[in-house]
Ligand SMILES: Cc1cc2nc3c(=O)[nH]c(=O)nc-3n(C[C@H](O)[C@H](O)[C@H](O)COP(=O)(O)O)c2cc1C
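Next up is one chain by itself, shown in structure tokens, the form predicted on its own.
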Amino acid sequence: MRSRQTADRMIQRGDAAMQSRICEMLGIEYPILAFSHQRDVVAAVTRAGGLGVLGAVALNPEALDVELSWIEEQVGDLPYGIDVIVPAHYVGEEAGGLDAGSLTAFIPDKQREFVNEILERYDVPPLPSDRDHQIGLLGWSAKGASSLLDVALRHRPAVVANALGPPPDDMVQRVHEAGRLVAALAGRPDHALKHKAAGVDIVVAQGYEAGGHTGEISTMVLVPQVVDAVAPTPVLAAGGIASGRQMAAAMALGAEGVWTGSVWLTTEEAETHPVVKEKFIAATSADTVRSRAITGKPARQLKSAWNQAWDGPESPGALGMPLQTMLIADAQLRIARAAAANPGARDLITYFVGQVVGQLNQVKPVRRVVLEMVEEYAEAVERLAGLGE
């Protein structure tokens, strides 16, 4: 692998596109934004010249405060971001997000029974009897996100992103008043237009290939449509991007940077479950599926016995967000605890990942991933420039 100095020389030699508006807006060297639920990855990407974005939906306000304090200690004055989830529609939205006790009443017995049937069929052991019952995640609402935003704005993230739907007006106002930027993910051009109308500073055009919640339009088709629709608002491309060549393709489509996620799941810093990381390394790009089996909304994840059961003919159907996440929280923990030694749990365990998983066949440190992307990007740009000579 080339050194950081070599990569910088390659960029200086002919890659003005690398220093895009995104770099200027966020104060970063490379227009590579990295979404991760793990603080070590976020900090490492930021230190390598990109911008790490912490996925905050699984955290309560107290935990988020700890995570952001740790990140800031690690990155010094360098910028980072956070990502919250305020879906356009979710159970309890009329009340601004009901509390956990109220929401549990919406979970039907047949779905509870189906979860138990899956665990029994695959012989997954129960949790320790002295463990407190886990109700599930409640960050999937305007109320939950508002509490997280309170904490975030006491820290110094450079950008706050909303992953599902246009961010609420009060969220945009509060972030802008604090002097920060707002980003939002879009899977269709009309969604991107709603983001622009809401006052979003950066639109992330996320294609069908991406891990997690995705739409049905591929990245190659989506990005130029979103770029044209929201101009002059800068656009980041997401979905199927884990290399410099893919980054160059995204920039050629009009994006001013990339939003990446899956590529960090197999890095040394990622605390991805060991069995899941092993599965990712062995997987091909045909081994993912969009399923409602985890969150209640279509989300791309690694194929497993879990999503096959929920998408099969015997399934009572996944519940809406956030009920599905609440329903399966304890089951997913049981599976994760047992997967290393229990064949059934190993078959069931899964996680969000994009189709690019097929090229994630080696565990690398985050810094190496960033610099390899930069180097390969510069090489791709130089090669294209040479075609016209």
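Counting begins at 1, following the sequence as shown. Everything numeric in this text was worked out from a predicted model, so none of it was measured.
Omitted here: the form predicted in complex with the named molecule. The next part is about that form.
- Listed stretches are 302-310, 77-85, 226-234, 106-114; the contact stretch with the named molecule in the predicted bound form is 77-85, by a heavy atom cutoff of 4.5 Å.
- When contacts are judged by a 4.5 Å heavy atom cut-off, residue 37 counts as touching the named molecule in the predicted bound form.
- Among residues of the shown chain, residue 209 is one whose heavy atoms approach the named molecule to within 4.5 Å in the predicted bound form.
- In the predicted bound form, at least one heavy atom of residue 354 sits within 4.5 Å of the named molecule.
- In the predicted bound form, no heavy atom of residue 257 sits within 4.5 Å of the named molecule.
- Residues of 239-264 placing a heavy atom within 4.5 Å of the named molecule in the predicted bound form, in sequence order: 239, 240, 241, 259, 260, 261, 262.
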